[in-house]
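Shown below, as structure tokens, is a lone chain in the form predicted alone; questions about how it binds or moves come after it.
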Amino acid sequence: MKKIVIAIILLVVTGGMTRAQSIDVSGFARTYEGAKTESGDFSIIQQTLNLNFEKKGEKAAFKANPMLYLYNSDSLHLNLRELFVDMYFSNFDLRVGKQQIVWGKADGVFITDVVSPLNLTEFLLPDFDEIRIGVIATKLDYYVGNNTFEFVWVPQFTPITKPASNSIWYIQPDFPAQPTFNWNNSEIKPSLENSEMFIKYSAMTSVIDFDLMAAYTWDDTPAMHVNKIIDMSSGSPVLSGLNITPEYHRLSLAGASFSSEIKGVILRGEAAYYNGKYFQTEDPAAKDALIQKDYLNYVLGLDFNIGDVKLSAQFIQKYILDFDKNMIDDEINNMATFLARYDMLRETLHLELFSYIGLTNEDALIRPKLTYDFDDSFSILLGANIFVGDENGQFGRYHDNTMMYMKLKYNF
């Protein structure tokens, strides 16, 4: 009954707004099916309706962006991605409501792009404009010439969304004993004290575009506080269980990004210093099996053309400072991305290859795809997600999820 009500409301709202001449309505309808190459089992059967309602005036505007997902044949999910109001003043703009905020210069990685958390229920496979979760925020952009000061206040913390335990993207943690979870400390209540603050300064010059940012936020991923249960009935200590309390902690960071063109080649860079991150450790002296460290995360990238082929490459490194040998994470984790794109047949056929390459763990996610624009509104996409490596890597752990997929998309 709930699903029927949602569908009726969307149809009524869509019809009413479409008839309103002053409101712009756009969006897309998409069908998306993917199957594992090894077993032939369907890994995803998804139908999507994306709607954008926009109204722009001289002093104010609004946007509503509901998305309706139908999984398989009976799982209906309504996601209100954005719902905000814009107000325009002489030298600043104000946006209030649920919104997606995108920062940084990197492609496919999130270093200073930390305002909107991620929906990882399908790993990193969704389009990046869909993988970010909208946050309820107040954003102020203040303009001084070619300089912009951006202030973001988020009154309610929103964590990342992880895969459910029955998902093919869920990874069962490897615990030395049977765990029990206590989620009592995982809720961050909305309050002034618990709100998040972000600030960014942007400058555009004839030589370089660059940003400086800082944030006082919450770590989107909870730290797992581990309490060991020791059985002494045999006369010697035996680990019989684990009490695990997931808890979110404050995280502060500062960073910068830039892009510049040199003789047709675009050089991009982005870096952030994270202060106060909790990491898992196997040190028996560590309280709750956690240790607090700072780390540096950065990316350097190049965008260039060879003939009609567009190419892009990035090197990404995460470096944990004051590393302890008992930590589970690597002290240095290196990764690279590569993108090649070629448009042909009067730019109606698009060939693309995008890859994540784990240099430290020798694994990869390789994503070739072919898109044909049947007309200005309708496109057909054929692609694959190929996971390479073993279970130790970020991508190799999903080697059984290698799949082929198809998307049919109608834009309106």
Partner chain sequence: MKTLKFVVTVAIVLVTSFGASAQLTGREIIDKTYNRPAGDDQTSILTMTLINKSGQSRVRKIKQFTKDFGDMEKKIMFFMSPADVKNTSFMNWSYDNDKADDQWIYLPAIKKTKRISSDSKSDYFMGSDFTYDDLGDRKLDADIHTLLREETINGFDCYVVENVSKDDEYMYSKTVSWIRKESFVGVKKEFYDEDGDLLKILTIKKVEKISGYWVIVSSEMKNIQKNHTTKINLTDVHVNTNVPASKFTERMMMRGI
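From a predicted model like this one, the values you see are computed outputs, not experimental measurements. Positions refer to the first chain, counted from 1.
One more form of this protein, predicted in complex with its partner chain, exists but is not displayed; see below.
Heavy atoms within 4.5 Å of its partner chain in the predicted bound form map, among the stretches 56-64, 380-388, 33-41, 351-359, onto 56-64 alone. This chain is displayed alone, yet in the predicted bound form one of 205, 240, 227, 186 has a heavy atom within 4.5 Å of its partner chain; that residue is 205. Among 308, 74, 193, 174, the residue placing a heavy atom within 4.5 Å of its partner chain in the predicted bound form is 308. Taken together, the three residues 24, 88 and 91 all come within 4.5 Å of its partner chain in the predicted bound form, as judged by their closest heavy atom. Though the partner is left out of this view, residue 259 does reach within 4.5 Å of its partner chain in the predicted bound form, counting heavy atoms only. Within 4.5 Å of any heavy atom of its partner chain in the predicted bound form lies no heavy atom of residue 294. Not displayed here, its partner chain is approached by residue 106 to within 4.5 Å at the level of heavy atoms in the predicted bound form. Contact annotation: residue 235 falls outside 4.5 Å of its partner chain in the predicted bound form, judged by heavy atom distances. Interface residues of 317-347, taken as those with a heavy atom within 4.5 Å of its partner chain in the predicted bound form (partner not displayed): 346, 347, in sequence order.
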